[in-house]
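Quick heads-up: it's one chain on its own, the form predicted on its own, in structure tokens.
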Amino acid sequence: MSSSCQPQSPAVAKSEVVVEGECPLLAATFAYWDNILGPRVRHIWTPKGDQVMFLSDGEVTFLANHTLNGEILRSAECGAIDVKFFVLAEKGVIIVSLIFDGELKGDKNTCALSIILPQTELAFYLPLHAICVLRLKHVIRRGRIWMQKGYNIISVLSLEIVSIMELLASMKTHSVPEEIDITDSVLNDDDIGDSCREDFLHKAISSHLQTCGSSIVVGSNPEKVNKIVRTLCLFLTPVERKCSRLCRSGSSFKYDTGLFVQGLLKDSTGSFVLPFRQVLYAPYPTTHIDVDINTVKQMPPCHEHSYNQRRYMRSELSALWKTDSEEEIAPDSVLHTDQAFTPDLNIFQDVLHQDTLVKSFIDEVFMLRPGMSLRSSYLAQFLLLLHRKALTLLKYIEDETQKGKTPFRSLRNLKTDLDLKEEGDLNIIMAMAEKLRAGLHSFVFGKPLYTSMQERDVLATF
């Protein structure tokens, strides 16, 4: 890159972030459009340490300005956040920029929060793009309120920027490979009792599928945790595996919102505390698996999860708006200014519904000889069966509702016609279909709002 690009004057404020391991992120920037001087960079974050590629402050400023050029006539709804993806081959970088409106010094400005990576990291970053964008959108919502009140947005943005740098660094070294050898999983054991009990494995895989493939595995033994992580990842697509992470021996990663499967180690006291806010902001409900005591718990289904997530988000933003101090409100604090909404801190519940799909698969897969490709082929056929059932369910609902024009009222017929009479089987196929068509749960169960487990069970009988 050209060395002639000099930083703007006055010098841009800069923060160096200490990240363990190699961080593929070159820099993050917060810029805004000045009506007199044009694009201006207000803050730069860079990882501290050795990097494969180095950008000077002037080069980072030049790239950040590039994302705001042409945004002076931006026309968007109030509160909209536009995501733009730039691949600058001549500079050898990619830029992910989130464009939004905010108030700086009493004036409405077009702002951009951007992350810059080497173009060589494109294949690594793309599977994680949706996760990073989702998390940056959350922090922008908080930041816009901070700007509106005249407070310093940098302190708010820094929390998530540092977290994303740590996430990318951890994924660089501990992400689950795209292809998993079944010999590295529990499914390769000679007998189901070799490494875990049959009922525990059955419940773990079943709940994992019921929560759209989103699970956390905690324990004290990193080898045991990672073996379960690899086992669960066998039921994910190759792209979803790239969004999963093994645990690290010696010290634990923190929980990261958006990953499909992640292994976490307990501390010296034998416990691991999950941050309520981050878990609730995950795109899908999550299964919690403890390999030390062989317990499996899960969050409520997608429609309840989405409802709680929206209510919590509104409550959090409302609390930020009502605060009279610039002192940072702890991101993990439970905010419920809406007295009608009191979130349940014990969001994980027992797996209540049995299934036949996973039970039959486990019984039959261990009848095949280990150490051969038979079990891998049988697993592939099982996943194909689930996928076809999910597509059939979508088509069934589409036909019954005239492509969504009328409410769905024949759940009992669906369960009979598609051979999903067991509640667990229905949950698994519904979760597979949810990933293909977002919002399916809310549509099927009648209300886009809150539907309790008791109401859901009543609906399922009709």
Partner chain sequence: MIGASDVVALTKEDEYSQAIPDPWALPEEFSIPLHPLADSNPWAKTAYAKFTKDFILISEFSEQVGPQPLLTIPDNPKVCGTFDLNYFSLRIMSVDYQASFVGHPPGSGYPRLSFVEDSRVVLGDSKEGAFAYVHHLTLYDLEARGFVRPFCMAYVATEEKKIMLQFQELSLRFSQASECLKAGNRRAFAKELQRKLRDLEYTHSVLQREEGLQREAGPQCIYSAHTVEKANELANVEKSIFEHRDLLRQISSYHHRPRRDPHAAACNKCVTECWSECEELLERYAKLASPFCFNEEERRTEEGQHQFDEEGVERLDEGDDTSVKRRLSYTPQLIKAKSTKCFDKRLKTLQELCDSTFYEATVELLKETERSFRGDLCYMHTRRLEKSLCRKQRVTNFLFEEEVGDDDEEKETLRPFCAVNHTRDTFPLSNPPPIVLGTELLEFDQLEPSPPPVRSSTVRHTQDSELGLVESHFESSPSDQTLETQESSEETKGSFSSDKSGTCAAAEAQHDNSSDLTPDPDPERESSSEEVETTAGGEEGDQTPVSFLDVMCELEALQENGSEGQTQPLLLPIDTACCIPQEGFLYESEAQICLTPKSPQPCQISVVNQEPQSLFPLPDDYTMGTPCLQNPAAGLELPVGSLGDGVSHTSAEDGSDCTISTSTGSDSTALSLGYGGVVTLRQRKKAGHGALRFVRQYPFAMQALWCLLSGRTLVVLGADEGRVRRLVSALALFVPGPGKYGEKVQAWLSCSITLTDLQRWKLIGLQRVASPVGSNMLYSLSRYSRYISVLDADQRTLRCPPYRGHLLTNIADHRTFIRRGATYFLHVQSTLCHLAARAFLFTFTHHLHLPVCSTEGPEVVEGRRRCFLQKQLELGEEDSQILLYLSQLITQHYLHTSTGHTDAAPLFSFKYSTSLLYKHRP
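The shown structure was predicted, so the numbers you read here are calculated from the model rather than taken from an experiment. Residue numbers count along the first chain shown, from 1.
Just so you know, the form predicted together with its partner chain exists too; it's not on screen, but the next bit is about it.
Participant: Looking at 80, 273, 352, 293 here, can you tell me which has any non-hydrogen atom within 4.5 angstroms of its partner chain in the model of the complex?
Facilitator: Answer to the contact question: 80.
Participant: Exactly one of 288, 202, 248, 389 has a non-hydrogen atom within 4.5 Å of its partner chain in the model of the complex; which residue is it?
Facilitator: Contact check passes for 389.
Participant: Picking from 151-159, 251-259, 209-217, 368-376, which part of the chain touches its partner chain in the model of the complex when contact means heavy atoms within 4.5 Å?
Facilitator: Among the candidates, contact is made by 368-376.
Participant: Is the gap between residue 90 and its partner chain in the model of the complex 4.5 Å or less for some heavy atom pair?
Facilitator: It does: once its partner chain is placed as it appears in the model of the complex, residue 90 has a heavy atom within 4.5 Å of it.
Participant: Is residue 197 a contact residue for its partner chain in the model of the complex, using a 4.5 Å heavy atom cut-off?
Facilitator: It does not: once its partner chain is placed as it appears in the model of the complex, residue 197 has no heavy atom within 4.5 Å of it.
Participant: Is the gap between residue 21 and its partner chain in the model of the complex 4.5 Å or less for some heavy atom pair?
Facilitator: Although its partner chain is absent here, residue 21 would stay clear of it in the model of the complex, with no heavy atoms inside 4.5 Å.
Participant: Check whether residue 48 has any heavy atom within 4.5 Å of a heavy atom of its partner chain in the model of the complex, and answer yes or no.
Facilitator: Contact check for residue 48: no, nothing within 4.5 Å of its partner chain in the model of the complex.
Participant: Look at the candidate spot formed by 11, 115 and 172 and say whether its partner chain comes within 4.5 Å of a heavy atom in all three of them in the model of the complex.
Facilitator: No: none of 11, 115 and 172 comes within 4.5 Å of its partner chain in the model of the complex.
Participant: Is any part of 249-263 within 4.5 angstroms of its partner chain in the model of the complex by a non-hydrogen atom, and which residues would that be?
Facilitator: Stretch hits: zero.
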